[in-house]
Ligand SMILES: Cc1ncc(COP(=O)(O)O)c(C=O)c1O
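Before any questions on how it binds or moves, here is one chain, the form predicted on its own, in structure tokens.
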């Protein structure tokens, strides 16, 4: 992409800015260097810390899942809390902090954003940063053959998903139904709460969207489950002929428990959808950047089938990518804010790390990280077959089950693991799994070994309790 002027680089190249950036980098490096291992809370700070947690819980109308208030400092996969403790962050803000904590390269980018005009970029006023990011995302999405041509930025994954919904409904009007998988998760807005297969999340809400659910792939019964999925799809198509505006799906179910399926399963499903001219929307809010390719649809070589894809979390600013055929008419999608300048620059920095580093590919760092976790969990299962099973997932998505997989015992395990120095989170139901989204850009083998060692200690402790 040609740069129409050098106005966006002249300030950044000012020697005074360069000197300031160097001094900031040195100061941050000095302070983060003391965060080099897991550390217990400072007992002298506990009373004040408890008061802060109570105050925040009252202000937001509900307590936090963990006793987590960050100090604002970390070092790679390690994060410091305001009670003086240090923990391994293996959930990274549910996938957001893929660069870990206090990343010096990221800080450089955010300093540049801070001196750039316009804090928030949006529908009326965009900077060159937005143009460059949209160009990056479309280029990457088309690398192996997809027909995605357009990119609309947004401030959240839910908004990116809402935009996808609106595009499909407008294209397929008067169709008023959507297909998705059982156990799916798409967000918590009024519409997305209907699309998400969690009835408790929409208690007290009116029905705003007609959704038909079909079963996901079962690795234990591949042929039977594929046939069951196609049969359920056909049943819905027969019951509501011509009424489906599209199908939304995760290639790897995130909140659902990190369930995956082979390429052949999706091809069979997508071919059936194509026969009925039903658009295919792939939700990559959680999978983006975590497989052997930046997009999971590329990892599974499904490029030719994608009509719309949504991404977020690790990308900092979210986006809806879509084909020319789904291009919205004026007025359908818009946002006062499509992203903070800092988020947009951070997104480009992260994409650059993945594209220029050794993270992608069949033997890239993403897959190496997963394989090292696999080695540890296979050993742990062999030693404790009734206490721990797994892992499941692909690349930077790692999940495992402890004990009976009940929600109660899993939460007890997670709370004890948090106390021991590792932050993870639950996913799925029956069984409830422990999931991890490690900060891929900073994870070293020694960090994986340390995390798995702490997991083993907690499993042993609770097994013997």
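Numbering follows the first chain given and starts at 1. Keep in mind that what you see is a predicted model, and the values were worked out from it rather than measured.
This next part talks about the form predicted together with this ligand, which is not shown.
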Heavy atom contact within 4.5 Å of this ligand in the model of the complex, the stretch among 332-340, 283-291, 213-221, 296-304: 283-291
Single option in 257, 100, 187, 395 placed near this ligand in the model of the complex, where near means a heavy atom within 4.5 Å: 187
Position in contact with this ligand when the complex is considered in the model of the complex, options 250, 129, 162, 80, heavy atoms within 4.5 Å: 250
This ligand contact at residue 313 in the model of the complex, heavy atom, 4.5 Å: yes
Contact flag, residue 157 vs this ligand in the model of the complex, heavy atom cut 4.5 Å: yes
